[in-house]
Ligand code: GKR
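The form predicted on its own is given below as one chain in structure tokens.
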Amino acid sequence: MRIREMTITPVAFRDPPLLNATGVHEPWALRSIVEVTTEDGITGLGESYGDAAHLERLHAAAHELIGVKADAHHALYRRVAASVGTAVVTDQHGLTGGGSNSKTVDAVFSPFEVACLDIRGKATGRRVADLLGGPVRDAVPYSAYLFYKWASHPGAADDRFGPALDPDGIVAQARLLIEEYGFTSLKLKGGVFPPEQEAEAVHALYDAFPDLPLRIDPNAAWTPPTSIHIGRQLAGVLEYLEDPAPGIEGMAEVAAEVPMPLATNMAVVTHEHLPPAIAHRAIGVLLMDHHYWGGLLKSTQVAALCATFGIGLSMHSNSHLGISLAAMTHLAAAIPNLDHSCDTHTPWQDGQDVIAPGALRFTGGAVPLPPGPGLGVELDRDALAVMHEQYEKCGIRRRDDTAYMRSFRPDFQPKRGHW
């Protein structure tokens, strides 16, 4: 099963004006679709970021992987690491933690590893979850991902989700997503308005859905004292508080003073962050993301380490399509100690996808494990072509929530340790 050919296709799809601590989502989200084909004609799929600089690194790595066996995990990783060299990519939009060389290598490696696992599954008639040790659950629960948002991108018609700029708007948004997807837990993206105002929205969600676990993620927009103050206000209301303050030390200061566990996908984003986070007791829940933790196999190793130290697990999400949702679902299905619903942006894609319909669906807020071999999904070639054409025409080559916000509010400043 040596790799014969690589195809990397950048795509763009419509994204609503979702607000966060660094600005607002642009009208188009970017992704890259990776196809790895072996000498015996088996093709595996992966998905990654679509920024131009990341695409260059993917192409450089792809060149080095031709001729390597698809099941030679360590050889594949070494080739990718050599292609990346000493590059360190900083977090371009301020929401996924700091950059490092190891995180850069892992982010480039991940879509190729997923595609190779897809190949191995198809070659042996087994699901990717089986290759990761076997599923411990038949369906993976996901959380409704709530956002403050405008009614539309400026100058465009209102989207079907409507505005959400106050507690009533957030509750209405939650109700819509629950009705359509059956979600049984709720997460609010914070860091947009003053903390007291966002705490009010959390209380409104609690009043409207008292039986559903709640989370809020300010993306490190609060100072430790403010995080402690709001955390105490939300005692008995939150399942966990995600990334309220910047850095491992800031999180540790907050964790010692609030009643709920702290979760992160910003303070701990690569393997070398785990020892200091554990030593400082900074987190109670890690939000894994195979896109920058080095793929699915390395993510299972991180999960085992978290079990050793009593750290709970959930899963981080960025704007993604169905290949990533399938990979996330296989990974989550095979992790025994994943004890919180995972994040997903799928509702915000509003049916846009590059995979053939039918393989993935939400039932009661969960995605059943696809039954087919490998990832269990296949490309919709027509949809891929449309999304690639959108990429060519949209004019966006790098996600920049801050620059887009400043095109409407020139004095806008990203919020990090702000309140």
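All residue numbers refer to positions in the sequence shown, first residue = 1. Every value quoted in this text rests on a predicted model; they were computed, and no experiment measured them.
One more form of this protein, predicted in complex with D-glucarate (GKR), exists but is not displayed; see below.
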Using a 4.5 angstroms cut-off on non-hydrogen atoms, would D217 count as touching D-glucarate (GKR) in the predicted complex? yes
Heavy atom of L95 within 4.5 Å of D-glucarate (GKR) in the predicted complex: yes
Closest heavy atom of N265 to D-glucarate (GKR) in the predicted complex, within 4.5 Å or not? yes
Can you check whether H273 is within 4.5 Å of D-glucarate (GKR) in the predicted complex, heavy atom basis? no
Checking K149, K187, H291, R127 against D-glucarate (GKR) in the predicted complex, the residue with a non-hydrogen atom inside 4.5 angstroms turns out to be K187
The listed residue (D343, E198, D106, D118) that reaches within 4.5 Å of D-glucarate (GKR) in the predicted complex by any heavy atom is D343
Within 4.5 Å, heavy atoms only, one stretch in 110-118, 173-181, 312-320, 248-256 touches D-glucarate (GKR) in the predicted complex. Which? 312-320
Decide if the three candidate residues N20, Y145 and R399 all line D-glucarate (GKR) in the predicted complex, where lining means a heavy atom within 4.5 Å. yes
Sequence-ordered list of residues in 233-254 near D-glucarate (GKR) in the predicted complex, where near means a heavy atom within 4.5 Å: E242
